[in-house]
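Have a look below at one chain only, the form predicted on its own, in structure tokens format.
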């Protein structure tokens, strides 16, 4: 699924300058625990989180995450957006809860980290 499709599905705001809205996302996971992200997230996956810390972006860089969605309309600090821009990681913000965000993506055909639907 492309970043541009995810933006539409989640009625999301794109917070970063992404080189391409055609970046492909293969899987999706939701977490606020960095240890869970490092243990389960994979390259080209989408992270759904409510955690607005610089560590979320550092973790995304280490894990090779293809995009991050901040839920509940949370606004990340400027330094978080800048770090994501530097790493070419798309950041999105949606007003939906983590549960609804996950459900909308699942409904649209996105699989979980284990590839299950």
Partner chain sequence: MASFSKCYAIKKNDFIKAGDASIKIKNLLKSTDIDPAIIRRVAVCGYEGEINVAMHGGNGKICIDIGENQITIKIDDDGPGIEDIDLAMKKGFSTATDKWREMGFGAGMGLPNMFKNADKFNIESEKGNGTHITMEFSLKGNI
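Residue numbers count along the first chain shown, from 1. Treat the numbers as computed from the prediction; the structure is a model and nothing was measured.
There is also a form predicted together with the partner chain; it is not shown, and the following applies to it.
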The one option of 26, 32, 88, 75 with any heavy atom within 4.5 Å of the partner chain in the predicted complex is 32
For a quick test of understanding: in the predicted complex, does each of 102, 105 and 112 have a heavy atom within 4.5 Å of the partner chain?
no
Heavy atoms within 4.5 Å of the partner chain in the predicted complex: does residue 36 have any?
yes
Does at least one non-hydrogen atom of residue 62 fall within 4.5 angstroms of the partner chain in the predicted complex?
yes
Hey, in the predicted complex, is residue 92 touching the partner chain, heavy atoms inside 4.5 Å?
no
Please tell me whether any heavy atom belonging to residue 54 falls inside 4.5 Å of a heavy atom of the partner chain, as the geometry stands in the predicted complex.
yes
